[in-house]
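Before any questions on how it binds or moves, here is one chain, the form predicted alone, in structure tokens.
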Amino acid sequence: MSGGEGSKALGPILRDVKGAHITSTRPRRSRVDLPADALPALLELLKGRAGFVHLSAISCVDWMDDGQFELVYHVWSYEMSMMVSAHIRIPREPGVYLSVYDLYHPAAFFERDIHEMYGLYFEGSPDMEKFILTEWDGPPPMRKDFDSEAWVNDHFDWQDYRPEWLQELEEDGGGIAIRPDEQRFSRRK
């Protein structure tokens, strides 16, 4: 199936979804941009009419300067051998969107991961508890405004680690070329 054929196959579905349009296509892959409130309708039509039964992933992009998160839903049709990536944008604050768990049960895993890493909350998702960062008490670490170095400096004490074997290696001309305190960008003035 060529990109043009994929667009043709999606055409009747996209006509029924307000504001949805294909912005780029390749053979067996299409990108659909649409308003956030139209996503559930698109996914329902893709699954019901075109056999896009497999949710491969939900990914998130933090567009901090725009004050938005982009959510990308990747769905696959085994019948058409085609992937559709549906892109929506939601406000960064309050960072809340609807769960698509009722359409695709694997969404629970992806939504939980995005909640933990970006702080987005998915209304209707079956579980928004931590599952990877169970001991984490900091802000969502994948947000662009998360300062990992400041967080580490606030939570850990730096120690000079120079065991005898490393000192011998350095005396022979090897070892650490640039010490960590010299290469941190935030400490360069």
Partner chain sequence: MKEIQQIPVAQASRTNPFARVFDELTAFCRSRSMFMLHYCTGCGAIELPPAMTSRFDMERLGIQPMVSPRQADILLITGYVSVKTLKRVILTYEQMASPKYVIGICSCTVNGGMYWQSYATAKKLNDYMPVDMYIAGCMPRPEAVIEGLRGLMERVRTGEANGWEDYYRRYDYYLGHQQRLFGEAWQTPTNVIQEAEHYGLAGPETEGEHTALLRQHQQPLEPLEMRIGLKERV
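Numbering follows the first chain given and starts at 1. Just so it is clear, the structure is predicted and the values come from calculations on it, not from any experiment.
From this point on, the text means the form predicted in complex with its partner chain, which you will not see here.
Only one of Asp66, Glu149, Asp145, Glu123 comes within 4.5 Å of its partner chain in the predicted bound form by heavy atoms, so just point that one out. The residue from Asp66, Glu149, Asp145, Glu123 that makes the contact is Glu149.
Of these, 47-55, 150-158, 30-38, 66-74, which stretch puts a heavy atom within 4.5 angstroms of its partner chain in the predicted bound form? Residues of 150-158 come within 4.5 Å of the partner.
Do Glu164 and its partner chain come within 4.5 Å of each other in the predicted bound form, heavy atoms counted? Heavy-atom contact with its partner chain at 4.5 Å: absent for Glu164.
May I ask you to list the residues of 27-44 that have any heavy atom within 4.5 angstroms of its partner chain in the predicted bound form, in sequence order? Heavy-atom contacts to its partner chain in the predicted bound form: nothing from 27-44.
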